[in-house]
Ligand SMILES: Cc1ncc(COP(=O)(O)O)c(C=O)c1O
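Read the single chain below, which is given as C-alpha coordinates and is the form predicted alone.
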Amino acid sequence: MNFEIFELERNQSLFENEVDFNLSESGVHPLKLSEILTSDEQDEILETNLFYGYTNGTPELRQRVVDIYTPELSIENVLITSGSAEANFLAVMTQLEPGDEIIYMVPNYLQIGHLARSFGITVKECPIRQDLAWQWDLDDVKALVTPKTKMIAVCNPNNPTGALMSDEVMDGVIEIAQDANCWLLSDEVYRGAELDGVECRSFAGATDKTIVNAGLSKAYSLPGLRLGWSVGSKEYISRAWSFHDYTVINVAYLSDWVASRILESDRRKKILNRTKDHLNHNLNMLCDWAKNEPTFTITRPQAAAITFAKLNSPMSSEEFVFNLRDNYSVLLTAGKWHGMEGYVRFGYGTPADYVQGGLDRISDFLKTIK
(Lines give C-alpha, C1' and ligand atoms only; values in the text may rest on other atoms or scores of the structure.)
Protein backbone atom coordinates (compact mmCIF):
# COMPACT_ATOMS: atom_id res chain seq x y z
CA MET A 1 0.00 0.00 0.00
CA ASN A 2 1.39 3.39 -1.01
CA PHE A 3 0.31 6.18 1.29
CA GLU A 4 0.05 9.67 -0.18
CA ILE A 5 2.38 12.24 1.32
CA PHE A 6 0.46 14.51 3.67
CA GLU A 7 1.93 17.66 2.09
CA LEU A 8 0.57 20.10 4.65
CA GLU A 9 1.90 18.24 7.67
CA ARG A 10 5.18 17.33 5.99
CA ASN A 11 5.96 20.93 5.03
CA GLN A 12 4.97 22.19 8.46
CA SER A 13 6.90 19.60 10.44
CA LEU A 14 10.07 20.11 8.43
CA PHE A 15 10.17 23.88 8.82
CA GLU A 16 7.89 25.10 11.63
CA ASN A 17 10.73 24.92 14.14
CA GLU A 18 13.33 26.32 11.74
CA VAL A 19 11.76 29.67 10.78
CA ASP A 20 11.76 32.91 12.74
CA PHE A 21 7.99 33.34 12.36
CA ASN A 22 5.69 30.35 12.05
CA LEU A 23 2.36 31.67 10.82
CA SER A 24 1.38 28.23 9.56
CA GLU A 25 0.00 27.31 12.99
CA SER A 26 -3.75 26.82 12.97
CA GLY A 27 -4.46 26.89 16.71
CA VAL A 28 -4.34 29.38 19.55
CA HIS A 29 -1.06 29.87 21.42
CA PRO A 30 -0.80 27.00 23.93
CA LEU A 31 -1.70 27.36 27.56
CA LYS A 32 0.48 26.26 30.46
CA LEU A 33 -0.77 23.78 33.05
CA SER A 34 -0.21 26.46 35.68
CA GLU A 35 -2.76 28.64 33.83
CA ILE A 36 -5.54 26.06 33.83
CA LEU A 37 -5.07 24.02 37.00
CA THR A 38 -5.45 25.21 40.58
CA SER A 39 -2.52 24.96 42.99
CA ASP A 40 -4.17 21.96 44.65
CA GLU A 41 -4.61 20.27 41.27
CA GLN A 42 -1.00 20.94 40.35
CA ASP A 43 0.10 19.32 43.61
CA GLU A 44 -2.27 16.42 43.00
CA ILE A 45 -1.00 15.73 39.50
CA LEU A 46 2.57 15.47 40.82
CA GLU A 47 1.43 12.73 43.18
CA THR A 48 -0.66 10.86 40.61
CA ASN A 49 0.32 7.33 39.64
CA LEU A 50 0.77 7.01 35.89
CA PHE A 51 -1.78 4.30 35.19
CA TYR A 52 -2.81 3.08 31.78
CA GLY A 53 -6.31 4.24 32.61
CA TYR A 54 -9.49 3.42 30.68
CA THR A 55 -8.75 2.46 27.08
CA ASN A 56 -11.88 4.27 25.85
CA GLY A 57 -11.41 7.25 28.18
CA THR A 58 -12.40 7.69 31.82
CA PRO A 59 -16.14 7.88 32.51
CA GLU A 60 -15.62 11.37 33.96
CA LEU A 61 -14.02 12.69 30.77
CA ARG A 62 -16.54 11.03 28.49
CA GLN A 63 -19.33 12.65 30.51
CA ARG A 64 -17.63 16.04 30.12
CA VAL A 65 -17.69 15.50 26.35
CA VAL A 66 -21.37 14.51 26.43
CA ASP A 67 -22.13 17.75 28.29
CA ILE A 68 -20.72 19.75 25.37
CA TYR A 69 -23.30 18.36 22.97
CA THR A 70 -26.78 17.09 23.81
CA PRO A 71 -28.37 15.37 26.83
CA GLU A 72 -29.70 12.69 24.47
CA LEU A 73 -26.20 11.21 24.38
CA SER A 74 -24.51 9.04 27.00
CA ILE A 75 -20.88 8.17 27.70
CA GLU A 76 -21.37 5.11 25.50
CA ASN A 77 -21.62 7.52 22.57
CA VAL A 78 -18.07 8.81 23.19
CA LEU A 79 -14.59 7.43 22.53
CA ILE A 80 -11.53 9.35 23.72
CA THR A 81 -8.75 9.36 21.12
CA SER A 82 -5.20 10.54 20.64
CA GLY A 83 -6.14 13.86 19.12
CA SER A 84 -8.87 14.40 16.53
CA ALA A 85 -6.40 12.99 13.97
CA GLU A 86 -6.80 9.50 15.40
CA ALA A 87 -10.56 9.98 15.52
CA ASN A 88 -10.57 10.79 11.79
CA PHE A 89 -8.30 7.82 11.08
CA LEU A 90 -10.64 5.45 12.89
CA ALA A 91 -13.67 6.72 10.99
CA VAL A 92 -12.02 5.95 7.63
CA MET A 93 -10.59 2.63 8.81
CA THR A 94 -13.82 1.29 10.25
CA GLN A 95 -16.43 2.46 7.75
CA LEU A 96 -14.85 2.59 4.30
CA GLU A 97 -13.46 -0.08 1.99
CA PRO A 98 -11.59 0.01 -1.34
CA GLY A 99 -14.01 0.94 -4.13
CA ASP A 100 -16.27 3.01 -1.86
CA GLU A 101 -16.81 6.69 -2.62
CA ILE A 102 -16.57 9.64 -0.25
CA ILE A 103 -17.82 13.16 -0.98
CA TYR A 104 -15.20 15.43 0.52
CA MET A 105 -15.32 19.14 1.34
CA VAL A 106 -12.46 21.24 -0.03
CA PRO A 107 -10.57 23.29 0.89
CA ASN A 108 -9.84 21.25 3.97
CA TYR A 109 -7.14 19.90 6.24
CA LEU A 110 -6.96 16.98 3.73
CA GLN A 111 -6.01 14.27 6.25
CA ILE A 112 -9.16 12.31 5.49
CA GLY A 113 -8.79 12.79 1.74
CA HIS A 114 -5.16 11.64 1.60
CA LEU A 115 -5.88 8.70 3.87
CA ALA A 116 -8.97 7.54 1.99
CA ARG A 117 -7.24 7.58 -1.40
CA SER A 118 -4.33 5.65 0.10
CA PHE A 119 -6.79 2.91 1.05
CA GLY A 120 -8.21 2.72 -2.47
CA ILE A 121 -11.33 4.76 -1.72
CA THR A 122 -12.57 7.18 -4.41
CA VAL A 123 -12.51 10.74 -3.09
CA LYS A 124 -14.92 13.07 -4.90
CA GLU A 125 -13.92 16.60 -3.94
CA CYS A 126 -16.73 19.11 -3.63
CA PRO A 127 -15.56 22.74 -3.22
CA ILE A 128 -17.20 25.22 -0.93
CA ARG A 129 -17.54 28.46 -2.87
CA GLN A 130 -16.15 31.83 -1.91
CA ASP A 131 -18.93 33.58 -3.85
CA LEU A 132 -21.37 31.81 -1.50
CA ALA A 133 -19.44 32.94 1.60
CA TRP A 134 -17.57 29.65 1.63
CA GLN A 135 -20.71 27.50 1.62
CA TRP A 136 -21.58 24.39 -0.36
CA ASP A 137 -24.02 24.62 -3.24
CA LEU A 138 -26.23 21.68 -2.30
CA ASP A 139 -26.85 20.87 -5.96
CA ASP A 140 -23.09 20.29 -6.30
CA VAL A 141 -23.22 17.79 -3.44
CA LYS A 142 -26.28 15.98 -4.78
CA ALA A 143 -24.67 15.64 -8.22
CA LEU A 144 -21.82 13.60 -6.71
CA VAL A 145 -23.99 11.04 -4.95
CA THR A 146 -23.98 7.53 -6.45
CA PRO A 147 -24.89 4.08 -5.13
CA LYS A 148 -21.22 3.78 -4.09
CA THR A 149 -21.33 6.87 -1.85
CA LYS A 150 -20.54 5.64 1.65
CA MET A 151 -19.59 8.91 3.39
CA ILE A 152 -19.93 12.68 3.21
CA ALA A 153 -17.09 14.39 5.08
CA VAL A 154 -17.22 18.03 6.19
CA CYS A 155 -15.07 20.32 8.31
CA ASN A 156 -17.09 22.82 10.35
CA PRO A 157 -15.88 25.40 11.33
CA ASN A 158 -13.87 25.04 8.18
CA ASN A 159 -10.10 24.74 7.96
CA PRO A 160 -8.67 26.82 6.25
CA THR A 161 -11.39 29.43 5.61
CA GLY A 162 -12.76 29.83 9.13
CA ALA A 163 -16.29 29.75 7.69
CA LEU A 164 -19.33 28.37 9.51
CA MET A 165 -21.84 26.22 7.67
CA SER A 166 -25.25 27.87 7.50
CA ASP A 167 -28.29 26.12 8.98
CA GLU A 168 -29.82 25.83 5.53
CA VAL A 169 -26.78 24.06 4.09
CA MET A 170 -26.40 21.93 7.22
CA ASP A 171 -30.01 20.76 6.99
CA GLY A 172 -29.49 20.02 3.31
CA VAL A 173 -26.35 17.96 3.94
CA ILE A 174 -28.15 15.93 6.62
CA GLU A 175 -31.03 15.25 4.21
CA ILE A 176 -28.64 14.17 1.44
CA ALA A 177 -26.82 11.82 3.81
CA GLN A 178 -30.10 10.31 5.00
CA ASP A 179 -31.38 9.82 1.45
CA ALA A 180 -28.10 8.15 0.45
CA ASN A 181 -28.01 6.10 3.69
CA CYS A 182 -24.35 7.04 4.03
CA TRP A 183 -22.09 8.10 6.87
CA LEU A 184 -21.82 11.78 7.71
CA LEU A 185 -18.40 12.65 9.18
CA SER A 186 -17.95 16.10 10.68
CA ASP A 187 -14.54 17.33 11.79
CA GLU A 188 -15.44 19.94 14.43
CA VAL A 189 -12.06 20.51 16.03
CA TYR A 190 -12.49 24.30 15.66
CA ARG A 191 -15.88 24.42 17.34
CA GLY A 192 -15.54 26.73 20.35
CA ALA A 193 -13.31 29.18 18.47
CA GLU A 194 -16.17 31.23 17.02
CA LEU A 195 -15.22 34.90 16.90
CA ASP A 196 -18.60 36.06 18.22
CA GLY A 197 -18.33 33.66 21.17
CA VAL A 198 -21.45 31.70 20.18
CA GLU A 199 -20.72 28.02 19.59
CA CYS A 200 -21.98 26.89 16.24
CA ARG A 201 -24.44 24.08 15.75
CA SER A 202 -22.92 20.62 15.86
CA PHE A 203 -23.80 17.68 13.62
CA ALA A 204 -23.76 15.42 16.70
CA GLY A 205 -26.80 13.15 16.70
CA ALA A 206 -28.03 14.40 13.31
CA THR A 207 -28.46 10.85 11.96
CA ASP A 208 -27.83 7.33 13.18
CA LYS A 209 -24.76 7.30 10.92
CA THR A 210 -23.23 10.62 11.98
CA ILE A 211 -19.72 10.82 13.44
CA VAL A 212 -18.43 14.01 15.06
CA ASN A 213 -14.72 14.33 15.82
CA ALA A 214 -13.09 17.07 17.85
CA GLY A 215 -10.41 17.71 20.46
CA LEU A 216 -8.42 20.14 22.57
CA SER A 217 -5.76 21.25 20.10
CA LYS A 218 -7.40 24.33 18.56
CA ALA A 219 -10.08 26.28 20.44
CA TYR A 220 -8.81 25.01 23.80
CA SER A 221 -5.15 25.89 23.22
CA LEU A 222 -3.90 22.51 24.45
CA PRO A 223 -2.33 20.71 21.46
CA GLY A 224 0.36 19.10 23.60
CA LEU A 225 -2.21 16.94 25.41
CA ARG A 226 -2.98 15.12 22.13
CA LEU A 227 -6.53 14.63 23.37
CA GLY A 228 -9.47 14.14 21.04
CA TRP A 229 -12.81 12.36 20.87
CA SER A 230 -15.40 10.76 18.61
CA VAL A 231 -19.14 11.13 19.17
CA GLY A 232 -21.45 8.69 17.41
CA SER A 233 -23.91 5.87 17.80
CA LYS A 234 -23.15 3.22 20.40
CA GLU A 235 -22.58 0.74 17.57
CA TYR A 236 -20.08 3.02 15.84
CA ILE A 237 -18.22 3.82 19.06
CA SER A 238 -17.94 0.11 19.89
CA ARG A 239 -16.43 -0.62 16.47
CA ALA A 240 -14.07 2.36 16.59
CA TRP A 241 -12.97 1.31 20.08
CA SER A 242 -12.06 -2.16 18.78
CA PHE A 243 -9.76 -0.54 16.17
CA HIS A 244 -8.45 1.90 18.80
CA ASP A 245 -7.07 -1.18 20.58
CA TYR A 246 -4.71 -1.58 17.62
CA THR A 247 -3.62 2.07 17.36
CA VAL A 248 -2.72 3.69 20.67
CA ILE A 249 -4.77 1.49 23.08
CA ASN A 250 -5.51 4.52 25.25
CA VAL A 251 -4.57 8.17 25.52
CA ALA A 252 -1.98 9.29 28.07
CA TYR A 253 -3.44 9.06 31.55
CA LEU A 254 -2.27 12.57 32.43
CA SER A 255 -3.96 13.99 29.33
CA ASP A 256 -7.24 12.36 30.31
CA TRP A 257 -6.79 13.62 33.89
CA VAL A 258 -6.22 17.22 32.82
CA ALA A 259 -8.96 17.19 30.18
CA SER A 260 -11.58 15.91 32.60
CA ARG A 261 -10.92 18.96 34.76
CA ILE A 262 -10.62 21.72 32.19
CA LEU A 263 -13.80 20.60 30.37
CA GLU A 264 -15.83 21.35 33.50
CA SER A 265 -18.41 23.90 32.35
CA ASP A 266 -17.13 27.08 34.03
CA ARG A 267 -13.47 26.41 33.28
CA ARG A 268 -14.30 25.49 29.70
CA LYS A 269 -16.12 28.80 29.24
CA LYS A 270 -13.17 30.70 30.68
CA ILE A 271 -10.75 29.07 28.22
CA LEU A 272 -13.05 29.68 25.23
CA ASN A 273 -13.57 33.33 26.23
CA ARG A 274 -9.79 33.74 26.27
CA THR A 275 -9.70 32.22 22.78
CA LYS A 276 -12.37 34.61 21.50
CA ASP A 277 -10.68 37.74 22.88
CA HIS A 278 -7.24 36.75 21.63
CA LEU A 279 -8.43 35.86 18.13
CA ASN A 280 -10.50 39.00 17.66
CA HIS A 281 -7.56 41.19 18.67
CA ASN A 282 -5.15 39.47 16.31
CA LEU A 283 -7.61 39.23 13.43
CA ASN A 284 -8.24 42.98 13.58
CA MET A 285 -4.50 43.50 13.39
CA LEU A 286 -4.22 41.15 10.39
CA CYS A 287 -7.10 42.78 8.53
CA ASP A 288 -5.66 46.26 9.15
CA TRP A 289 -2.33 45.06 7.74
CA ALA A 290 -3.99 43.52 4.69
CA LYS A 291 -5.63 46.84 3.72
CA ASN A 292 -2.22 48.03 2.55
CA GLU A 293 -1.22 44.78 0.85
CA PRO A 294 -3.16 44.30 -2.42
CA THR A 295 -1.33 41.03 -3.07
CA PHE A 296 -3.88 39.48 -0.70
CA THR A 297 -7.64 39.56 -0.50
CA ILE A 298 -8.64 38.43 2.98
CA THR A 299 -12.17 37.29 3.76
CA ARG A 300 -12.84 37.79 7.44
CA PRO A 301 -13.40 34.35 9.00
CA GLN A 302 -16.21 33.56 11.42
CA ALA A 303 -14.17 31.17 13.55
CA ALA A 304 -10.76 29.63 14.18
CA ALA A 305 -7.24 31.10 14.22
CA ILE A 306 -6.85 30.98 10.44
CA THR A 307 -7.91 32.79 7.31
CA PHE A 308 -7.66 31.75 3.67
CA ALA A 309 -6.27 34.69 1.71
CA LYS A 310 -6.67 35.01 -2.06
CA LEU A 311 -3.24 35.37 -3.61
CA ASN A 312 -3.36 38.12 -6.23
CA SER A 313 -0.07 37.14 -7.83
CA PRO A 314 1.04 35.05 -10.81
CA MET A 315 3.06 32.92 -8.40
CA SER A 316 1.64 29.54 -7.44
CA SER A 317 0.79 29.17 -3.77
CA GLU A 318 3.74 26.82 -3.24
CA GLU A 319 6.18 29.12 -5.02
CA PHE A 320 5.02 32.02 -2.85
CA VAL A 321 5.26 30.03 0.39
CA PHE A 322 8.67 28.55 -0.43
CA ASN A 323 10.17 31.91 -1.42
CA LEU A 324 8.83 33.57 1.71
CA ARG A 325 10.11 30.73 3.87
CA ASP A 326 13.58 30.48 2.36
CA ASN A 327 14.31 34.19 2.03
CA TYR A 328 12.39 35.81 4.88
CA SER A 329 12.04 32.96 7.41
CA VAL A 330 8.23 33.13 7.64
CA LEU A 331 6.10 30.02 7.17
CA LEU A 332 2.57 30.03 5.74
CA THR A 333 0.67 27.13 4.17
CA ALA A 334 -0.07 26.88 0.45
CA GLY A 335 -3.61 26.65 -0.86
CA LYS A 336 -2.51 23.64 -2.88
CA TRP A 337 -1.99 21.72 0.36
CA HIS A 338 -5.63 22.41 1.28
CA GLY A 339 -7.00 21.35 -2.10
CA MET A 340 -7.42 24.82 -3.65
CA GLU A 341 -4.75 26.64 -5.62
CA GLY A 342 -4.47 30.44 -5.62
CA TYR A 343 -4.69 30.94 -1.86
CA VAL A 344 -2.45 30.88 1.21
CA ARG A 345 -3.46 30.24 4.80
CA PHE A 346 -2.48 32.66 7.54
CA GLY A 347 -2.46 31.54 11.15
CA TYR A 348 -2.94 34.37 13.65
CA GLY A 349 -3.34 32.53 16.96
CA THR A 350 0.19 33.14 18.27
CA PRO A 351 1.03 36.15 20.49
CA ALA A 352 0.23 39.50 18.89
CA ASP A 353 3.79 40.78 18.69
CA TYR A 354 4.87 37.52 17.06
CA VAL A 355 2.11 37.78 14.44
CA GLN A 356 3.05 41.40 13.74
CA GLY A 357 6.70 40.46 13.36
CA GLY A 358 5.76 37.87 10.75
CA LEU A 359 3.53 40.31 8.90
CA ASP A 360 6.34 42.89 8.77
CA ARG A 361 8.60 40.28 7.15
CA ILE A 362 5.89 39.41 4.63
CA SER A 363 5.58 43.11 3.74
CA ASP A 364 9.31 43.20 3.07
CA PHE A 365 8.94 40.19 0.77
CA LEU A 366 5.98 41.71 -1.07
CA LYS A 367 8.04 44.79 -1.95
CA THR A 368 10.36 42.57 -3.96
CA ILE A 369 7.60 41.04 -6.10
CA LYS A 370 5.42 44.07 -6.88
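Since we're looking at a predicted model, the values are computed, not measured. All residue numbers are counted from 1 along the displayed sequence.
Here the subject shifts to the form predicted together with the named molecule, a form of this protein not shown in this document.
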Every residue of 83, 159 and 218 near the named molecule in the predicted bound form, heavy atom within 4.5 Å: yes
One stretch from 199-207, 230-238, 182-190, 270-278 that, in the predicted bound form, holds residues within 4.5 Å of the named molecule by heavy atom: 182-190
The unique member of 114, 261, 124, 226 whose heavy atoms fall within 4.5 Å of the named molecule in the predicted bound form: 226
Residue among 88, 282, 77, 255 with a heavy atom within 4.5 Å of the named molecule in the predicted bound form: 88
Residue 103 within 4.5 Å of the named molecule in the predicted bound form, heavy atoms: no
Heavy atom of residue 333 within 4.5 Å of the named molecule in the predicted bound form: no
4.5 angstroms heavy atom contact with the named molecule in the predicted bound form for residue 109: yes
Proximity of residue 56 to the named molecule in the predicted bound form, heavy atoms at 4.5 Å: no
Those residues of 134-155 which, in the predicted bound form, come within 4.5 Å of the named molecule by heavy atom: 155
